[in-house]
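Next up is one chain by itself, shown in structure tokens, the form predicted alone.
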């Protein structure tokens, strides 16, 4: 971001802090403007050479031109600003932030477009295909598969309009390709992931954390934040990434998930682990929460999609009144909004930490622990 002589904020994509650039203003509104780079006069101290051949054209990985330490510090500030400005909280002076062990070669799950024009991602601000031959953020198995397909797989010849596919590489290095609009009969076998002590089945279409290099660290942090107790409730449980270990830390556990495919995987994974005391509730979180009485839950763990919690779900969570809420989020803005609602309902911010699950992008994962301040647990 820069400032025009009249003080207007000007957003200039693909710049780095300290850059001196010549730009052209392409959009001007009342409160801000947008510009594009015409010339890089002098690079800032945190600018590096992007390794990807389609950087700037591809719609992903918009931070490859930033040194990794600068990325981490920027994400820490993004999280802090959201919690402060939107949430009304006063975060710790130093927010712990776990980096990815590698800034590249980390992504174990990706969505790609396939057509007769090639394989790749969407172009920046477009639905059109940006063909790629290699992708440096993919784990080696996926990158090798991408190179093979880009070299001329017969499937590309049959494709008309671009088809969206999900590619996943599991812990054994097996690559699963799945067309998103394929029927159940066309689906490939599930992938297998080792999560702490448990072997987990993940079927096509079921969510799995994308950064394979941080699976263990994220798992440890969330389970440590959850603690132990009598009864726990987990919302948006997916296939059980946290559920299996959580079930060993609480005498009773109820998990809620709306996706039928994820629920099927969850049941398989629970049965394999011999965890018979877990109650699985299939349905929307809002409806399940509204049917739960106040009290009786020691801890609630939730890992919602980017949209976060609805207002009614937040209200129901406040009414349940668990002494401890552990909230994992991939969107600082909705995290801040939701925790502000919980704060208005009697919760206080106990801790916050970040995880860089998405190097080379502005996205981050945040873990927040809230504790209830009133002692009326009903």
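Residue numbers count along the first chain shown, from 1. These numbers come from a predicted model, not from an experiment.
As for the form predicted in complex with a small molecule, it is not shown, yet the points below apply to it.
Contact with the small molecule, judged by heavy atoms within 4.5 Å in the predicted bound form, is confined among 246-254, 144-152, 122-130, 232-240 to 232-240.
By the criterion of a heavy atom within 4.5 Å, residue 209 is counted among the residues contacting the small molecule in the predicted bound form. Put simply, residue 285 is close to the small molecule in the predicted bound form: some heavy atom of it is within 4.5 Å. In the predicted bound form, the small molecule lies within 4.5 Å of some heavy atom of residue 303. The closest heavy atom approach of residue 258 to the small molecule in the predicted bound form falls within 4.5 Å.
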